[in-house]
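Same protein, same chain, two forms; see structure 1 and structure 2 below, as structure tokens.
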Structure 1
């Protein structure tokens, strides 16, 4: 089976994001970049499939600035077989639909059996590109996926829903948007890192793909940090019962949330 994972490079989850003076973007200085968390889970699902089914190949692709090469390198070190960087001017302000259309051009070339995306990228938090990619390709998609298994005449796909999982079967190619699953993404192994260093990462020019990069996009008018929370009331040094009674009273009379 041929799998393709779409990854986006975003600020690492531990980064305290700062908003730039013009309020249109974040301050890039001091940011550690990483593969978006759900995309790492997508890589993990793909690699698990490869572990269980030798002969599987796992490619990764990103549409991003040159620094996104590091994300691809990381994916290769985790065990992916090949990587593609799509880059060019304005690549950082590309809208969701345009990104999907650019990705679709590469999917047409690579012809994978399944494409895996993250459930959402943890910079724009949209949850749009996977569905938009499937739509552009004319493929079905399954969102919030925690597992897939190749079965007779297709792929069984587990989708997390309230109270459990729906199992869907795709008879042909499909896009999956991947949710956190029980198994944490693996760390790159030392040999993996060595191997990844030597791998060539081909680059494609965004403008030359021939994708329609127009269409509606979302304009950022202003960014700001979320309203700061001021330190509240500290309650300690009491008998637990007395503290409990006091808190219950405060929640009712002061906070008025009961």
Structure 2
């Protein structure tokens, strides 16, 4: 089975980002970049299938600026077999639909059996590209996936629902958007890191793909950091009943959560 995982490079979740002066982007200086967390779960799911089925190959692809090559190196160090970078002018301002159309062109060339994406990116939280990719390809799509296995005549896919899972079956190629699963993504091993450094990462020019990059897009009007949290209040040293009554009053009148 041939698997292809689509990833996005985003600011690491532990980094405090700053909004640029034009309020339409973040200040890139000092930012540590990483693979979006749900995309890491998609990689892990693909690699688990490869571990259980040695004939499986796992490719990884991203549409992004040249620095996104580092995210691909990380995926290779985790155990992916090959990687492709799609880059070019204005690649950082592409909308979700244009990104999906660019990815679809590469998918048509690679002809994988399954395409895996994280259910959403951690920077914009749109959760759009995976579904748009499936629509562009004309492939079926299953969301909130936590597991898949090969079965007779297709692939069984576990979709998380409230209180349990649904099991779907795809008889041909499909796009899966992956949810957080029980097993955390593996860390790159030292041998994996050394091998990843030696692997070539082919680069495709965005403009040469022939994808329609027009159509609806999202315009960023302004960014602002979240408001600072108010200082907390500690209640102690008093009658428990009186403290409980005062706490309930504060939760109702000030916090407005009751």
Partner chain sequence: MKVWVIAELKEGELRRVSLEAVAKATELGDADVLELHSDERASALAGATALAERARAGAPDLILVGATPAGRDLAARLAAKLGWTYLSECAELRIEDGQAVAVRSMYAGKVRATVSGTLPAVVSVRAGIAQVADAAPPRPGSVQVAPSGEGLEFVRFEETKTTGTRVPLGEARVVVSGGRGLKGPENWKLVQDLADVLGAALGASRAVTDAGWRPNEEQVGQTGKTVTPDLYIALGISGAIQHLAGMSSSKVIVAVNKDPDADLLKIADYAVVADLFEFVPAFTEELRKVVARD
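We call the rigid core the largest set of C-alpha positions that still match within 1.5 Å between the two forms. Note that this is a predicted model, so its numbers are computed, not measured. Numbering follows the first chain given and starts at 1.
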Which block is the form predicted together with its partner chain? Structure 1
With a threshold of 2 Å on the C-alpha, tell me if residue 246 counts as moved between structures 1 and 2 once the core is superposed. yes
Can you give me the Cα shift for residue 237 between structures 1 and 2? Core-superposed, in angstrom, one decimal please. 4.8
